[in-house]
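Listed next as structure tokens is one chain, alone, in the form predicted on its own.
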Amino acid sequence: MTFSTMIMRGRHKQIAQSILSGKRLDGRGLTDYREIKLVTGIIESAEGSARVYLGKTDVIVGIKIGIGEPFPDLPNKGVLTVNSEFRPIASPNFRAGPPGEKSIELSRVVDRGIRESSAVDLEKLCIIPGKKVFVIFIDISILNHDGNLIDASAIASLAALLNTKFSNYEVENDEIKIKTGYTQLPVLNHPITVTVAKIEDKLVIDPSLEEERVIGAKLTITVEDSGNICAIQKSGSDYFNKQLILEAVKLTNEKIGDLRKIIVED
């Protein structure tokens, strides 16, 4: 065993012991978020944008809107797609190239929360039924990774959607003409995502990068305005029994009000 490995294992043990005692090494309680800072409208070339600092985790989301064809089975609805980029500057473990497994998972979890909650009124993004619709591209860029990328990305994505406007237009003889002025993106629902991590049979909110290295499993729960759960994702090799799942849902419900104030009401 190398010296660096011994140090790492010692650190992991220290983190686990601290959590068992009900306190985390950074001074937070088990269910406390790190400080959240949110800035919107920071990318002038985008239709909408937001940047979120979750502790030292730094995520920026830009939204572009183009014109394309609808899905054949949804001829009267616009299209929404989520992509994420793990920039090499964000972590020594990130590499340039095509999206990896974690990047794909992040995109899918954020996409599912937005889609399953019907956050955006896609019917209002239909231009010519069956032919032309607006296409929303949500691009997530990780600028610094210090844990809990999913929550940071979900917060930034929803804030960016609320900041988004698209061009006014008119249709004449199936020809689309862009007019002056903009219309606010029709956001109908505000899905809030909370990740709950299991460490030594204790549940913690907003795990840091160091804590993620000792996590047994995570549950990411997304709740819509009505209070209903619209998406849930489990990751990690450990399990959640019924009691822990119910506790995770309770913790999520306790946190969504504060997150909603930051994203929707500020």
Partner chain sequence: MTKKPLTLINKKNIRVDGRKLDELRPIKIELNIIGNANGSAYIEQGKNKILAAVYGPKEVHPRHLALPDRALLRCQYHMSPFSVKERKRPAPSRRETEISKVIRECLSPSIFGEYYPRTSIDIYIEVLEADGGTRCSGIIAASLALADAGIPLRDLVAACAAGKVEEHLVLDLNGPEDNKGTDMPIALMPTFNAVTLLQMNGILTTDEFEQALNLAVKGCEQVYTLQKEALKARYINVKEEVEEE
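Positions refer to the first chain, counted from 1. Treat the numbers as computed from the prediction; the structure is a model and nothing was measured.
This next part talks about the form predicted together with its partner chain, which is not shown.
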(Q) Is H190 part of the interface with its partner chain in the model of the complex - any heavy atom within 4.5 Å? (A) no
**Q.** Interface membership of I104, its partner chain in the model of the complex, 4.5 Å heavy atom rule
**A.** yes
Q) Hey, in the model of the complex, does S45 get a heavy atom within 4.5 angstroms of its partner chain? A) no
Q. At the 4.5 Å heavy atom threshold, is V214 in contact with its partner chain in the model of the complex?
A. no
Q. Within 4.5 Å of its partner chain in the model of the complex, heavy atoms considered, which of I232, I36, L203, L209?
A. I232
Q. Does every residue of E116, Y239 and N253 put a non-hydrogen atom within 4.5 angstroms of its partner chain in the model of the complex?
A. yes
Q | in the model of the complex, segment of 50-58, 224-232, 23-31, 37-45 with a heavy atom within 4.5 Å of its partner chain | A | 224-232
